[in-house]
Each structure stands twice: as C-alpha cells, then as structure tokens.
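One chain comes next, on its own, written as structure tokens: the form predicted alone.
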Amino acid sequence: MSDLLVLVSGEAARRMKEGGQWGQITFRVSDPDNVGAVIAVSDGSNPVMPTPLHSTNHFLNAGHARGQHRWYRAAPELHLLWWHARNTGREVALEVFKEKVAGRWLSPSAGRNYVALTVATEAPAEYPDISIPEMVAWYVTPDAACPVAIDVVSAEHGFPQLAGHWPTTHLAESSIMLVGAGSIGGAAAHALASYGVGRLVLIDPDRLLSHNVVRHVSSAKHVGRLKVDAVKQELAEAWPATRVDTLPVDAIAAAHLIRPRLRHVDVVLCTADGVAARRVISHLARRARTDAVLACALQDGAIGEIIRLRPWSDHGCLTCHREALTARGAMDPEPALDLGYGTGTTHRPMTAVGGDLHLVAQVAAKTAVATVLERRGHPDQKLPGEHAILGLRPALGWAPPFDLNRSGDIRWLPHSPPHPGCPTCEEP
C-alpha cells in the first residue's frame, strides 16, 4: 500500500492557522487509496465546523467520515524534526512530540491511534535555508509520532499560481471560438483551457458515437451525447476557470448564427472536416476582421497542418493560400477532406491515430493562444510563420512543401497574398 497522504483545503488551513492552540478534526477517507481529507475542524472545544473539499466532484466525497483527530499549535523545532524524519525514514518519540505541541493533549492508546496536524507559522522563516512547511501531518501512536505526507491547497491555487510567470490576466480576458469538437477539436479545447483562456465557444452539431472514442478525448461514458456537451462537462471538471458556451449547429447551415459571434471573440479555431466548412470559416472570419486558425490532418493522417489567416490587406484567405501553393507545384490536399465517414471509402483524416490528432490539436491551440498574446503585446509569442506542416507519418515523393522526411518535423511557411478578384479578400 502507498504511504498515507493527508489533504487540507485552503479553508481548513486558514481556520487552523487563525485558531487558538488546538482543535478537533474530522476526515473523509478512502482506505483503498490510503488518503484522507480534512472536512471539518474546531477551534478548541468549540463546535466542529465543516470545511468542504475544494472540488465538488472529488472522489473523497464518497469516502467515510472519521472524527476524533487533532490539530495542535507547535514549536517550529517540531516541524524541523518532521522534515528530518521524513527524509530519513524515522519517527519522533511520543514524549518529544508531546513536549513540542500546545493545547489539550489527546493520548493515543492501543487501538486508538490518530492523525494530528501541527501548525507552526514561524517555521518557514525560522529555517529559511530548507523548505520547512508551516503545517505538517503525523500519525500518532502510543510509542511515536510518524511523519505523514501532506498536501495543503494554496489559497491561490489554479492560474493565480502562474501570475507573474504567464500572462494569466490577458488570457483570462480572451475568448476563442472553436468550430469542430471532434478528435482535434476536443483535444484543442482542453489545451486552450490549460493555457488559461477565459471563454470558449464550442460549435459542432454531431454526437459522440462509439467509433469516435478511439480518437476522441471524451470517454465511452459520453457516447450518445452531443460532442460539445461532453467536452463542456469535462472542461468544467478539469478547468473550471474557463467558461464554455456551446452552439450545436452546422457551421455552413448556421453561418448566420456564427457571423455575429465572430465579432466578440479574439480568434476562431476551425478543426472541422470538409472543404466547405473550412472555407466558410475563412470567409466569415475575414469579413469579421477576426484572426482564424485552421487545423486538420492530411494524406491519411500522414501530415498535420495548421494555417493561420490574418485579416490583413497583404494576407490571403484559405483559397488564395491554396492556389498560391498549387501554382508553385504543391498538391492541393483540401479535396481529400471531403471524403465521408462510413460511406464504404476510407475517410482519410479519420485514418489518423488519436495521439497524432491530439498533437495537431496542441500545435493549433498554441498557434491560437500565441495569436491572442501577440496582439496583446507579448513579442515572445511571435510565430515563425503562418502555415505549419507537421510530420506524423511522412512518405517519400510528396511535392514541396509537404516533403517532410521525419516524423515530428515541423516546417513553417509564410503567408500568401490575396488573389485579385477573390470574393473573400476583396472588400464588397
């Protein structure tokens, strides 16, 4: 069995640190996992007050509640002993432990051992050269106090922890529309949330079906649900700081619903299959003066591709870019994106394995986030180009720029200018 771990929520820690000399503790425990979390504490002999777990869907919510445990105010030396004992695999004699704590002592007895938390807020400053925590955990027996692993949730858990190291405020204020919640789109949604994007708008009319699960980030328990709803629920559990709005519509048939929303997002990331959907998003984003990022897998999943389209006068749309590449001798992979799934023919994008599609999603999400941050004045987020080609399972003989030699290669290309007469790029 793994070592015992004690979890302490930020609220529970605050009450003990601001309390008196001692108090009672109630844990919710899971014996198979050998872990317990503080769910209630008292200040001295006052009533025990609840301190809920920081996550409402935490697995310990289904655990057993056990009371009659203790917390004590302690001398900083005791926490130094905890640190030493943890690093040497030793224990602290019970008499030594008892001398270092204050408050009403609870004697352990045969069959009545207990977990004790000790609080010494001066400990970190007392021993600045080593990392001595201000709250530690012990398993107290009639002979000794054994140091126990502890995880105290910071009052600033989540993205506030990264403030000063990552532009959390700018990303929390940002909004990204994600068209397509399939294998690439679902993984991209998780990646965007992990960067700290404040709001996502998920657009996809499809349901998650059993054959999708092998590549999709959503598990089989969501089969039958709309993909946008499955991804939204998962994001709420994993990344609660990101607000998610859903629109279960087809990007082509409901272009009139997408058009006004594009003016209120920073970037639109399109991971939808099909030439028409990609061209519609390219067109709508251009007219809305919104940056667009298109991501897909090409050539039976051999190549990943991310194209960024800027609504600038010298940057062309998707069609202009494809025509420029074709004029230089490159293949046009777009038609292969229209092969239907389940029609008896091989659907080329869906022949890719899930891990490769998720890799494409990660690069696409990074491209979208870099676009947001570059516009907000972060020069370190400038990308090397506007068109990325990723080697997933490259083959010999393809024309440039798709002639990658190795899996994992990334080639960046510049943008292409608008073609004269382009109905998307020229102002109406």
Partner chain sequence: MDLTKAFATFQRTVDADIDQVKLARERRDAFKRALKGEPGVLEVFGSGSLARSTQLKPVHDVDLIAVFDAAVHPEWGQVGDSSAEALEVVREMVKRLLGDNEGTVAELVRLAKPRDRAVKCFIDPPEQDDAFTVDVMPVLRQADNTLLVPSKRKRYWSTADPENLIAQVEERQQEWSHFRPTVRVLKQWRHGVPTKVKSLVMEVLALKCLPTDKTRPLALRAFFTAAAVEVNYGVVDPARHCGAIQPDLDTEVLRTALESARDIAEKACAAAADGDSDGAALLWRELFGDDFPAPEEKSSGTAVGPFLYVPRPVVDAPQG
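Owing to the predicted nature of the structure, the values given are computational and were not obtained by experimental measurement. In this text, rigid core is short for the largest set of C-alphas that superpose within 1.5 Å between two forms. Residue numbers count along the first chain shown, from 1.
This protein has a second form, the form predicted together with its partner chain, left out of what is shown; the following refers to that one.
Peer 1: Decide whether residue 312 counts as a contact residue for its partner chain in the predicted complex under a heavy atom distance cut-off of 4.5 Å.
Peer 2: Yes, residue 312 is a contact residue.
Peer 1: In the predicted complex, is there a heavy atom of its partner chain that lies within 4.5 Å of any heavy atom of residue 289, even though the partner is absent here?
Peer 2: Residue-level check for residue 289: yes, a contact with its partner chain.
Peer 1: Considering non-hydrogen atoms and a 4.5 Å limit, does its partner chain approach residue 387 in the predicted complex?
Peer 2: Answer no; every heavy atom of residue 387 is more than 4.5 Å from its partner chain in the predicted complex.
Peer 1: Using 4.5 Å between non-hydrogen atoms, is residue 397 touching its partner chain in the predicted complex?
Peer 2: Close contact is absent here: in the predicted complex, residue 397 is far from its partner chain, nothing within 4.5 Å, heavy atoms only.
Peer 1: Only one of 58, 66, 376, 366 gets a heavy atom within 4.5 Å of its partner chain in the predicted complex. Which one?
Peer 2: By the 4.5 Å heavy-atom cutoff, the listed residue in contact is 376.
Peer 1: Pick from 397-405, 39-47, 378-386, 356-364: which stretch has non-hydrogen atoms within 4.5 Å of its partner chain in the predicted complex?
Peer 2: In short, 378-386.
Peer 1: Rigid core fitted, is the C-alpha displacement of residue 166 between the shown form and the other one 2 Å or more?
Peer 2: Yes; residue 166 is a residue whose C-alpha shifts (by 2 Å or more) between the shown form and the other one when the cores are overlaid.
Peer 1: Answer yes if the CA of residue 67 moves 2 Å or more between the shown form and the other one after aligning the rigid core, and no otherwise.
Peer 2: No, its C-alpha moves less than 2 Å.
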